[in-house]
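The chain that follows stands alone, in the form predicted alone, written as structure tokens.
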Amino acid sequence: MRIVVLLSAGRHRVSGRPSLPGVEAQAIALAAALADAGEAGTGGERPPSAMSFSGLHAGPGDEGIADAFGHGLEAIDRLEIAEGADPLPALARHLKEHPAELILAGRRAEGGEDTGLLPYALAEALGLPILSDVTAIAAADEPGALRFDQALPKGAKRRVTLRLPAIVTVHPLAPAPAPFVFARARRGVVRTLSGLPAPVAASPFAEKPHRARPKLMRSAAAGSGAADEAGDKLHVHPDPQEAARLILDHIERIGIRRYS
């Protein structure tokens, strides 16, 4: 099994220095634990090539991603692309030429204006399923599949069995990354590969100056009744004076200034 951990050019939230996003360090820990579990399950007789994991980054330099070595990675493939170029075409081409059974990514990078959509766009480009917010990975009874624990809103979790190959994003509630080891960081190797030239394509979006929009009133009444949102009450055929007061109160409550 070949496992690839996608790495991004993150920035420290306080200092602004290049650094590895914490959730990507957690992804490395999940990959290492999965590799160790596979090795232990075969009594240590598994060939080293049966399960391997490495990093993959597309960018103009390796600033910041080298921290991944200190957390357990031994090799990183860096695809050389121009500054500001979209990394998706280079990543998709590389992974089509060198397929991986499992691709791990953080749920969102820490570069400043990241959207978190890259794993989903990559899954669409490769035609792979994607599972978000994973906190644990383990072997499954079904051949060619893995079992994942997925974080859900309000602290809930569910267990999902997914056939490989697949892409998963890692949730911050996953186990903490391995401690940074400086000696291990010095032994890591960055392999620089050629990426795709940056395509020049017209953007489908148009930029316009911001224009304040008027607030819209939500419909709070139906028929001849008036609804009081604050008390969640329905007033059926109210007195005209009372209905007017309820309407004015509603207008003030939703932020529209009342003029006397």
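Since this is a predicted model, take the numbers as computed values, not measurements. Numbers follow the displayed sequence, beginning with 1.
Just so it is clear, the following notes concern the form predicted together with a small molecule, a form of the same protein that is not shown.
Engineer: Partner absent here, but in the predicted complex, which of 29-37, 206-214, 51-59, 187-195 has residues with a heavy atom within 4.5 Å of the small molecule?
Structural biologist: Heavy-atom contact with the partner occurs in 51-59.
Engineer: May I ask you to choose, among I137, L73, A105, A174, the residue with a heavy atom within 4.5 Å of the small molecule in the predicted complex?
Structural biologist: Of the candidates I137, L73, A105, A174, A105 is the one lying within 4.5 Å of the small molecule in the predicted complex.
Engineer: Mark L117 yes when one of its heavy atoms lies within 4.5 Å of a heavy atom of the small molecule in the predicted complex, and no otherwise.
Structural biologist: Contact with the small molecule, yes.
Engineer: Tell me, yes or no, whether A100 is in contact with the small molecule in the predicted complex, where a contact means a heavy atom of each within 4.5 Å.
Structural biologist: Contact check for A100: no, nothing within 4.5 Å of the small molecule in the predicted complex.
Engineer: Against the small molecule in the predicted complex, would P165 count as a contact residue? Criterion: heavy atoms within 4.5 Å.
Structural biologist: No, P165 stays farther than 4.5 Å from the small molecule in the predicted complex.
Engineer: Taking 4.5 angstroms as the cut-off for heavy atoms, does P87 touch the small molecule in the predicted complex?
Structural biologist: So P87 counts as contacting the small molecule.
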